[in-house]
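This document opens with one chain alone, in structure tokens, the form predicted alone.
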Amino acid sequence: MAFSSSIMDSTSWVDPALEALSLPLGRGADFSELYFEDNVQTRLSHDGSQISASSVTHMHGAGLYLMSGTETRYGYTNGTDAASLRRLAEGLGSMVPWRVEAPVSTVQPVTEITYEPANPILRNPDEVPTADKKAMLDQAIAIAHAYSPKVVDAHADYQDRMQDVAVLNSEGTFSRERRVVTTLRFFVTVSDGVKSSGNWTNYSFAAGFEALDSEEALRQIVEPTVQTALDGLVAKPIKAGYMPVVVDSGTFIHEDCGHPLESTHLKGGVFAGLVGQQVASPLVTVCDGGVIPGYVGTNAMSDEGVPSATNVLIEDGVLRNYMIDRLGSRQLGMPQTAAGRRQDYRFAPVARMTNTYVRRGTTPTEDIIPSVDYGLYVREVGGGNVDPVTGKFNFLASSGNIIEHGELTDPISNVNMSGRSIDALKRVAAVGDRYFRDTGALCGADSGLIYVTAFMPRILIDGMQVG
């Protein structure tokens, strides 16, 4: 039976919503917004031999966002009937402090937009039998064990999410969209009898079950995961020091400048007030946008109802823009950029990334590693953190190799890299001519866990502290 929800399948809730939106206006709020959500998630966990857990979770509710200048209030309700919405609006609207001098506002006439899915779905997950999902997990486990006799444990989690959202606000926005995400998390442990090594990956697709229903698709997920774990058995330490670093992983750009360019983190931040100034090598152009079909950060609109678009953040090394939500727009005096995002209706929207990437350059990709005498090649960034105020970062290269005399030699595992975001961007000495796409994943910040993608071509940073 296909997933259906009142948010997408009717408009009976719209009039009560408009009434609730109007209540806080004139009490000091100059803007009100309701975010409605109907969300069904299915999870299956495979312990290596059988399905060990399964669940179906249904979330339904609405969140109310109020603004008065740059003062904000947020609350939510699990009920979306007229009485629940009125209680939420009256309670939240009475909270102080509000600007008593605020002009009385009224709800503007709404214009309805129901977006077509940003990502075509070939097999709706809710129409796929549980037996097929179990068979997929069985096959993934079998692929791991067939890849190497050193695999001693493999297990996997499957999840699909069918999410309907609607945004209704006092400025006349009424937008609706259906979003589908399918995820496979795969975990593996290998051993040579003396030493053990583990690895895991998260693959999230802006697609239905078709993303996982072939052996080839599963091999592209499972085999690299196992190989990275196997590399961990023979990984060698790299000589610590300041050296060239070659990076393929988009997670690097996500952390290095993605978070510091969100308007949420701009106050006193490393990029604050630098629009129009050189903050990176002229070879570097960084963009963010939720408009790339098939990417998990892609949606037709933001969680504030703003149509998605490509946002050029850094162009030829010059800072051009930030990722800006509604609050950031008021604080900075700059237009919104469809950056307002949230995990679900329980969270107020804040400026977050969607699909963040470095544009391709002109250096042949295969020429970059041979140009390095001694350095570090980073295939995957396994995690890290950046201080948006200082720009200082620490990243972990979870897989890659030592570069010696222009060739990849010993594999590495969990090597630390550190530096400062702008310094690293300014030291980019080459940008390759083809992309290395990272898998979609979850990013956690002030508005909860959201799906994002980060990708880029191969880049060469001619100096970074390693080890």
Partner chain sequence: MTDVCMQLAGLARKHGVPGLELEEEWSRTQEVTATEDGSLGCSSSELAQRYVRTAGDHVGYARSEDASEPLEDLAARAVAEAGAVDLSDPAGMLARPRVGEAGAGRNPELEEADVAAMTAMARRCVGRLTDVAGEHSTIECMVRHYACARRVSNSEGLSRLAEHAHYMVRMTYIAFGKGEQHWVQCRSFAPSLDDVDVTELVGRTKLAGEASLDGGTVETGDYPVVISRDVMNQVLVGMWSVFGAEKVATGQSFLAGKLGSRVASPALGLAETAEPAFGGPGCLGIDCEGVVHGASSIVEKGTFVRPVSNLEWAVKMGLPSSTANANRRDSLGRIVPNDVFTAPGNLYVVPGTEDLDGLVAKAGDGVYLTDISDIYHSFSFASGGVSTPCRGVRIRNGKLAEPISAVAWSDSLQSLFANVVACGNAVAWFDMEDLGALWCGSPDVLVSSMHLAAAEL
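Residue numbers count along the first chain shown, from 1. Remember, it's a predicted structure, so these values are computed and weren't measured experimentally.
Absent from the display: the form predicted together with its partner chain. The rest refers to it.
A.B. asks: Looking at the partner-bound form in the predicted bound form, is Ser52 within 4.5 Å of its partner chain by any heavy atom?
C.D. replies: Because a heavy atom of Ser52 falls inside 4.5 Å of its partner chain in the predicted bound form, the answer is yes.
A.B. asks: Is Gly75 part of the interface with its partner chain in the predicted bound form - any heavy atom within 4.5 Å?
C.D. replies: Yes, Gly75 sits close enough to its partner chain in the predicted bound form that at least one of its heavy atoms falls within 4.5 Å.
A.B. asks: At 4.5 Å between heavy atoms, is Leu92 in contact with its partner chain in the predicted bound form?
C.D. replies: Leu92 belongs to the contact set for its partner chain.
A.B. asks: If you check in the predicted bound form, is Gln139 within 4.5 Å of its partner chain, heavy atoms only?
C.D. replies: No - in the predicted bound form, heavy atoms of Gln139 and its partner chain never come within 4.5 Å of each other.
A.B. asks: Tell me, out of Asp213, Glu315, Glu223, Asp153, which residue has a non-hydrogen atom within 4.5 angstroms of its partner chain in the predicted bound form.
C.D. replies: Contact with its partner chain in the predicted bound form is made by Asp153 alone.
A.B. asks: Which one of Arg27, Arg437, Arg43, Lys426 is close to its partner chain in the predicted bound form, taking close to mean a heavy atom within 4.5 Å?
C.D. replies: The option sitting close enough to the partner is Arg43.
A.B. asks: Using a 4.5 Å heavy atom cut-off, which of 351-359, 111-119, 306-314, 193-201 contacts its partner chain in the predicted bound form?
C.D. replies: The contacting stretch here is 193-201.
A.B. asks: Who in 380-409 is close to its partner chain in the predicted bound form, meaning a heavy atom within 4.5 Å?
C.D. replies: Residues within 4.5 Å: Gly382, Gly383, Gly384, Asn385, Asp387, Val389, Thr390, Lys392, Asn394, Leu396.
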